[in-house]
Ligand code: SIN
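One chain comes next, on its own, written out as structure tokens in the form predicted on its own.
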């Protein structure tokens, strides 16, 4: 019987930062579905927020609450901001190479809805990639790839481990503690900026086990994404571009965002996404991100990743403007937990990162708070794990296996239909009729001959739709139109 002290499901920033804080003396297993860098952390461009100093903490708190439409859990936001100073020092002490000026000062940038430049970045626009590599090289524990978790071993309010496909073979892995750090739900949407591995499986298991999900109606759409590519993961154009001064224009060069909000390009993500969506729908015009105000050498140095990526598909930045559309980006809601990542009513099970609903983000995440939340709350989950009594009672045998047929014949077609329906009916602008249409599709599909993974996706999609139907008024990233409008 394979038994560990801790199993961490996910090898993004939440999983790896937790692993870095668990002593080497413990038997820890970090698992990821595919290769470790196929995760959302790797694709994070903008940066990581930290309060600049003690005096900036109240301002960072207020910016986070305002972006979240005051639907946030205030205590969770205060912890986030207060502990960000300590996190910054920890990362610097361990050698994280944030970008610095020629004189060695840390460089900070500003993004939408922030009242100050407080976002650290690395590699220009490759912060997630740099942080991921940095944490991978400092993880003292075993990291196992090709491990797809398709069940949690739960009995009488305690989690005893996971059931997973390890290199395509069903395997039972036991642990005293399981930390879910599996990310969000991006693959449910036709247009998304997420890693292909982020597909809402674990949320679906939670629905099945009666573990509470909350704020699932608050799905965040990033306003500036290049979607004209055949791949599911679309190309994100970081908010830092607008923070540095890029414009959003229509095909005639008009900066139309000021018709929607006096902050223009620097309004919060939900407002900018809705404005672009609405403007395209009303005018039929193409919308672009315009970088022509930037000096070329500076742009290539500040945004090397974006420069190379778009050069490969024929764009010359900053000279050329790029057509954009909003796309699904981040799940503000998730698995309910306390401020130490503990899941209520469940012993031995914790959650951190985008999979969690800590209450930090409320109805809409403030730009670049995601890497910060993942790291802070992962470390707090480790505190809870290390502070809990060792479980030395008997471990039930979970021999009865489920139908481990993860995929069935028509799953691919249903999955494609689901992604189109989620985009159309449970996307940026919703209606009650559209939500009911999505709900009917989900329930019809659940009654078909489907594989385990599609069933889990449908569970999560149903939770999003139910939450959206329950909230009758628009709030933050949940925008529901009345049928008459």
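Numbering follows the first chain given and starts at 1. Predicted, not measured: the structure shown is a model, and the values here were computed from it.
If you look for the form predicted together with the named molecule, you will not find it shown, but the lines that follow are about it.
- The contact residue chosen from 177, 234, 269, 380 relative to the named molecule in the predicted complex is 269, the criterion being a non-hydrogen atom within 4.5 angstroms.
- A heavy atom within 4.5 Å of the named molecule in the predicted complex is found for exactly one of 182, 364, 368, 358: 368.
- Mapping the unseen interface onto this chain, residue 238 counts among the residues with a heavy atom inside 4.5 Å of the named molecule in the predicted complex.
- Taking the partner from elsewhere, residue 46 is found to have a heavy atom lying within 4.5 Å of the named molecule in the predicted complex.
- Although the partner is absent here, residue 151 sits far enough away that none of its heavy atoms falls within 4.5 Å of the named molecule in the predicted complex.
- Among heavy atoms of residue 111, some come within 4.5 Å of the named molecule in the predicted complex.
- This chain is displayed without the named molecule, yet in the predicted complex the stretch 38-46 from 428-436, 24-32, 413-421, 38-46 comes within 4.5 Å of it by heavy atoms.
- Scanning 420-451 for heavy atoms within 4.5 Å of the named molecule in the predicted complex gives no residues at all.
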